[in-house]
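Two forms of the same protein chain are encoded below as structure tokens; each is given separately, as structure 1 and structure 2.
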Structure 1
């Protein structure tokens, strides 16, 4: 007797009757058998010991699969729960799910007991011992509450001194029973338990084959939580941990967290005097001179890139009438995130002399997006297809209300500048525009050394405007352009903008974190709502297609991202101060001023340290401010008419003439940088 199963590539494999997922992996290769965490059988997750049936479609999930890592972490949550029960026998387990970067287990601690990070070493010790035993995770399905497994389970997770087991698991079991578990019906949900060594937990599964897989775990922190996330219910202790397949991966993750802490742009923003926030303007950054320099350079660079691609820059108002936002659909879809104006009128009859509810004949709202403004510019006169593709760009300042608790430095603010643009074109031109944009964006990110960029295609969300046909056409247009570009992309169903599907650009920084920056959104809806038209070659009027796009996304946020990416040591062209002139003593000030002048005339941003400090101190201060070059001026330099340069990380360039120094710097202005790109492209072509 044998059975046949199919694999994702469509091939079929025959196996002995009763063969398991693991047997299937073994039949392919021993390496695969070792790496297989779980199986996906007919789209259902199962343990490797699950017996296959004839005709099953099987995918083997390995340690390289995100789902494999999720499974590992779920199993690690069990391991931690077992260790915690050993350490705190009266603890009652509730739920222990996986999160983005690890797992947690919510635990009820009776009698005012608690778990703190001070308990972590003991718990981790026990987890290590349990992992070392390499106990298999065994799935057991209970047929009834009298089932021995159920009885065993109750013996472990019981309320100390009490008869039954804990009320939380009881609730879950009762819910499952209501859903039909233990009913004996053929399609009833199973009431399953997982046994590993002496520990049993109620669990849907699946799990890694054995606890030996769980050697690389770490407890991270504790926080409070409530049962069922309901503040009126029992408070629980939530213990967080993380787990990886390999020791190296865990070490890298911990190192990344440490690095991220060191690079925190909010801290660097203070240290490097870039920006700050004040309580009375929550989520509204104040850019200091140095921060504003970087912000302006980011804009300059983008403008340079736009100039080579036939964009027309515009400026549109911050505030438009509310009716405009009704028409655009923002009012209905985005109201909670918008700022509205309110008219205040002096009124002697009012209690405080002000009428706060003065009637507004034209209520106004602050723009959360720039598109309506651009639509109005388009609409100002009749357009012809000969102008297409028409690309309107704007460094547009938008305001968006954010729920309290989500603001975060420059990453999540309430006012930010989008490097926004809208392309108006014919349906036939979509493909070309999308491809232009993809290359464009890659070139921009490359200028910051951000070369690891992933694309995602997001489709229609629940809350959306426009007909089914429109969405279908828009989605297939984007997909077609992406396929034609030959670049890999991931599908992200239901995550599009309310007016159209989009392509998002996720960039990976130098410590491995990813950030969504660029976006290209196709919109078949807004032009119609605003009555946009163009005269086609046929002399008839048509509705144009509109593409919304931003490359940095938010300049403020991008600023934050590169601050962390470079750890504050910005590349020369972006450094707010590029050269720091440090005279050894007052006696060399005059010559130092001449050097400063010469460097500034060459287009460098130069600062002269006139303070009455010793050289060592000036160098230290210069290096801490991460100014790329320090130029030392002493008696020798004055005499020779030279300078003595060093970099912020201590590399000495030695004594040289100012012209020689400047020559060595390469492209340090935005125009020079952009010209170097053009030269590189020509060389490649």
Structure 2
């Protein structure tokens, strides 16, 4: 007897009754069988030992598939947990999920024990030994708590050393039982476990075929956590690791991390005198003069790009009434991340003489987003379809509460400026606006050498506003625009904004890391909530479509990304100091000052080193500060009325007239850069 299964290309394949996913892979080629990690059977992830049924739709997931790598890392979390139990028998396991770049396992350590990086070598040695044994990952399902597999599992719960009952796993089991596990009902969740050698763990799976696949793992760090992320519950040790299919891939990843350490924008911010943070302003950066220069150049560049695309820049208030945030939907969907004003008044009845939370006639909140302000500007008067598309832009300062555990330099701050804009248009104009924005974003990122950009379409999240019909129309419109653009994109279900679906832009930096920056969000809901209208060509009133968009996303975060991308060596147009004038000695200072003045009057950002240090030291210091050009002034230059220029990476330009040098650098300004992009667009058109 045989069965037939369907492959992703629509073809059918006959197999013997009882054939597994691995048998299917073998029937196609030995190489495919060797590379197959798991299968997708009728869109359900299963192990390679899963028995196929007649009519199944099957996709084989290999080691080249992101889902394959995710499975490998999930399995590596089990391997690490098994090794930790061998090394720390009284440890109690909780959960061990996959992360974007690896995995972690949260572990309860009784009796004051802990795990530190000093323990990593011995844990890794045990992991290698377990991998070498090549034990198969075997899925087991318990029919009842009397099932032998459940009894085996409880033996792991009651670990050696008398640590006692694992309340965390018991809590998970009880939740599954309340959801119907062990009830025998057809659609009830299964109580499944995975065994590898002498280790067994509660798990939904699937896993790689055996521990022999897990040879290339590395433990990365430890941190603290709480059970269920609840600070009132038990403290846990979170051990992070990563895993790859190949030794070379692991080595490349570790090399990338070393490069990332060298490029850490927080370190470079101090070294290059760009910004700093203080405890009295957590998550609020202090930009120094050089940092403010880069920040302003980023804004100038964006404003120049906006001016060529018919944007109108606006300014909206930092604080608005709480009732307005209720109307926009932000209060219900974003309240935990907002700052609210609280009035304080003197009150003799209070313990310290002050009422710290006095009632207000109109409670206020600091804006976490700019969109309601733009809606109110639109609504100030009735609009006509002839004004569309109407593009309102703002370099808008917003504030969002972030817990200390997630704040990270400029990447995650509590106050930041968005290069925000909103397009108001008719439904027929959506495609044109979306495609304009996609091309615009690619042009902006290209100016920073960020040419590897991936697009992602995110759909309706669980927490959202608007009708099903609105969401269906919005998602369909974005998908249609993306398809029309001809650019590849990935679907990210359930990750849209609460008011609409979105297109996210993920940029890859020079060491291979990806960053989510720009976003385009389509909103059919908020204009209606605010009563926005326009007079159409038919003379009737209609509700406009609203497109939210930000290209940098957050200027502060983008600043941090490009600091690491360039390792602090910003391109000439963006460098806070473009030229460093270095007189050989005090005798050459007067001419050096004249050169500095001439360069500054030409619009270059220039500094003069007036110290009495030796020239070699000055040149090294200039290079360490990553200033693009150093101009040396000695006796010959004074005599000839010239300069001697060199780049920060040591290229000698030789003796030049100041005018020649200015002409050479003149093309590297923000206006010149924007003009070059405009010329390229016109030539392409």
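The term rigid core refers to the maximal set of C-alpha atoms that superpose within 1.5 Å between the two forms. The shown structure was predicted, so the numbers you read here are calculated from the model rather than taken from an experiment. Numbering follows the first chain given and starts at 1.
- Here the chain taken from the form predicted on its own appears as structure 2, while structure 1 comes from elsewhere.
- When one rigid part turns against another between structure 1 and structure 2, the hinge among 88, 140, 255, 277 maps to 255.
- A rigid-body turn of 17° separates the smaller part from the larger between structure 1 and structure 2.
- Superposed on the core, the two forms differ at residue 195, whose C-alpha moves 8.7 Å between structure 1 and structure 2.
- Its Cα shifted by 6.5 Å, residue 78 is compared between structure 1 and structure 2 on a rigid core fit.
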